[in-house]
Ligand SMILES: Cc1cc2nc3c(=O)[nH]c(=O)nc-3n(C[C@H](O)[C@H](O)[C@H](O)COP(=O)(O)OP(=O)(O)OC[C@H]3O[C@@H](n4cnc5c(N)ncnc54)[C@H](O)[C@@H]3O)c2cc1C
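Only one chain is included here, represented as structure tokens and corresponding to the form predicted on its own.
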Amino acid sequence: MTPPLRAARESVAGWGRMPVRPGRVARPERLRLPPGEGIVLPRGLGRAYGDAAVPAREDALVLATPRADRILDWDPVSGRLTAEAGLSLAEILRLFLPRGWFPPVTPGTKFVTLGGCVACDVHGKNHHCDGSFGGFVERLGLLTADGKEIACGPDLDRELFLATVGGMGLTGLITEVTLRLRPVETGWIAMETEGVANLEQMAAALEASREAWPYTVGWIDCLAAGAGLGRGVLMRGRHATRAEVPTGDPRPRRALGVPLDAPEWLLSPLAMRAFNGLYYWMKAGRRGGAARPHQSLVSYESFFYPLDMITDWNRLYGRRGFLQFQCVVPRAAGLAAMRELLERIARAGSASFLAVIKDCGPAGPAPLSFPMEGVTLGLDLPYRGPATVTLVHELNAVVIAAGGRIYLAKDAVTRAEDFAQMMPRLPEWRAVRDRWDPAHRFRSAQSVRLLGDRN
């Protein structure tokens, strides 16, 4: 007889620490759907910013997956890895980078699980070259709402597979993932840094780097205005070869902690402006701005995961937490939409320490996948109550007018009607979900808000 799952009552929140809801949290070593349980919400390492992994109601079972992290199969010739859904990218890097393998796509933190990467169809600095995470997945193990174990993939139950990629854990419990890792020679990144004076220069630099560099990302001073609107620093990189690296792989870096929630004054517009101005000067200004690109070798951790060097960095936004806003607007919309977004954020004085702009390649086949051909902007907004929510709605209106969309892994406050306008393939996805889970057993606070699931 299968023993019942032990669940503890806890407060549950996303990485942005807003909203916070009570829930029953279980952390099993074997992923299963216990009989007699009603509403279930899969949850990885809790790095989705908003309410995607926050329970819909108090009696919902939050099924945390990180203890189910066994490696089930590994082919050292092809780089094909099969593992339980709770395995993290951090563990994959620890185990396989010394063997010459790297995740094919990685978001800005390594503390995410394979199941979470699939559910959010995460993207990285290489989307313009390689697409999103789901493009490297060959097979998924899935427990559907009726308790059946299903295998699906690009060539097997393709409809269910595509609804699960980017489906935010609402089509079933992902138990296993088979994907292809990327061969690399070292853990070093050959990086080039270039200061850019405004948004037009940033867009031109991203486009000029598209063919030659597999990884590109820009930091933007989101409080700069006027002629300097969109000024920032472009970083582009590639995996360094053994011939370029005089020593072995970089040593793992020791992370620093944030012992306290940051005080409110640290989030004032004046403090943010001072930080952004200083950062721009350090990274671009003192090297002569756009005129002098700078080459260096940096560790993969510094290039891909700079924020992971500060554990609990979300505490820098204080007790009230923050909303992260990330959108993508199609290239056809030009820079007008991006300019309007930056102007509204600057006028509101509600900007973050780090704002990121990236290039996206063509959209993938999954109906709810976020990336599309265009430019994506992501930044943190310190939560200041209804005013911050109103600002997000205003930003969403700009995104809708431009034909763009927002990233569900980051969102906490978008309205259902706005989301429906952003996602023309939403009815197609709903039909697949309803077929496999007609009672919407898999449910989150986000699905209640955006999809009309019962609370």
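Numbers follow the displayed sequence, beginning with 1. As the structure is a prediction and not an experimental result, all values here were calculated from the model.
There is another form of the same protein, the form predicted in complex with this ligand; it is not shown, and what comes next is about it.
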Looking in the predicted bound form, any heavy atom of residue 111 within 4.5 Å of this ligand?
yes
Using a 4.5 angstroms cut-off on non-hydrogen atoms, would residue 117 count as touching this ligand in the predicted bound form?
yes
Just to confirm, residue 53 within 4.5 Å of this ligand in the predicted bound form by heavy atoms?
yes
So in the predicted bound form, does residue 405 come within 4.5 Å of this ligand, heavy atom to heavy atom?
no
Stretch from 121-129, 236-244, 220-228, 187-195 whose residues place a heavy atom within 4.5 Å of this ligand in the predicted bound form
121-129
The single option of 103, 364, 107, 378 touching this ligand in the predicted bound form, heavy atom within 4.5 Å
107
Which residue, 168, 152, 163, 81, is the contact with this ligand in the predicted bound form, using a 4.5 Å heavy atom cutoff?
168
Check all three, 134, 204 and 374, heavy atom within 4.5 Å of this ligand in the predicted bound form
no
Residues in 309-345 close to this ligand in the predicted bound form, defined by a heavy atom within 4.5 Å, in order
313
